[in-house]
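Only one chain comes next, encoded as structure tokens, the form predicted on its own.
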């Protein structure tokens, strides 16, 4: 499937010149949520920790970057650093709650953390704007001295560049010893412990790194959307991200973005062609992900073999 990467990159770069502003803004949102899905794939597929809580560091990074944009700096790189730092710090604070849990327990704890963050965002009106949302963030400039990102096309290309760099770094790291250690923890934790590996430390580092990626995506949401609401971080978003990871292949951070694009296309575009049928389309995707995809992958492996 690697031969698809180059055409996909070319299509992504050409998209803002071929699409209308609404579609371009929607594609930028797909990139942002796809980056959060990549952090879900890192935990769920690589480390073996299924999560529904990556919307929590996503929200923390987004509101931190928005506060910085409103009161201090409109430079994109500082907002990215702020979002990633706060996302990582939030994950570090919650690490003791989750890193020693496994399976469904880990899933439910992360879900609870995500719901608590959404509740806090809904009620902390002085910082988040509450249920009314937070608006008025100025368009940033990528670096000092560069032009302001004042169009949907410019913001999309900025998000595409950031997502591309982050994905390249994550993929390179996962191809090295870090990826092997995490997959070892996923496949045979007892053997890893018996070999003297600090499994808890490995998983804690992965959890904090995933929080940093989600927080960085939150800062990108501020740039591309220029509006934040607790609805951007609710359970429905967390469920869609996990579904996108399952569709794209749980162990692939790149596939997570492709899977998220499929899910959001079904929710935002196909449901527009079939009014009132959005939940039905998402339900069909859930069924396909649970029953059809595993059999299809098995058949493809047999054909390749």
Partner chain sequence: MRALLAVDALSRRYGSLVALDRIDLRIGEGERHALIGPNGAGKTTLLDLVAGAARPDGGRIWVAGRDVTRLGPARRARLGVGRIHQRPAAWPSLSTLDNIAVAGARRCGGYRRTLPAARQLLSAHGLPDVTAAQLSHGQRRQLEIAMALAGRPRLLLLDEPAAGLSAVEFSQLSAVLRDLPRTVTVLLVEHRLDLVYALADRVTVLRDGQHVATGTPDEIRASSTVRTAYAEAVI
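Residue numbers count along the first chain shown, from 1. What you see is a predicted model; the values in this text were computed from it and never measured.
The form predicted together with its partner chain exists for this protein as well; it is not shown, and the discussion that follows is about that form.
- Judged by heavy atoms within 4.5 Å of its partner chain in the model of the complex, the contact stretch among the candidates 72-80, 161-169, 174-182, 212-220 is 174-182.
- When contacts are judged by a 4.5 Å heavy atom cut-off, residue 143 does not count as touching its partner chain in the model of the complex.
- Contact annotation for residue 147: none of its heavy atoms lies within 4.5 Å of its partner chain in the model of the complex.
- Interface residue remark: residue 88 is not counted as part of the site for its partner chain in the model of the complex, having no heavy atom within 4.5 Å.
- Although the partner is absent here, residue 192 lies within 4.5 Å of its partner chain in the model of the complex, judged by heavy atoms.
- Contacts of stretch 185-200 with its partner chain in the model of the complex, defined by any heavy atom lying within 4.5 Å, are made by 186, 187, 188, 191, 192, 193, 194, 195, 196, 197, 198, listed in sequence order.
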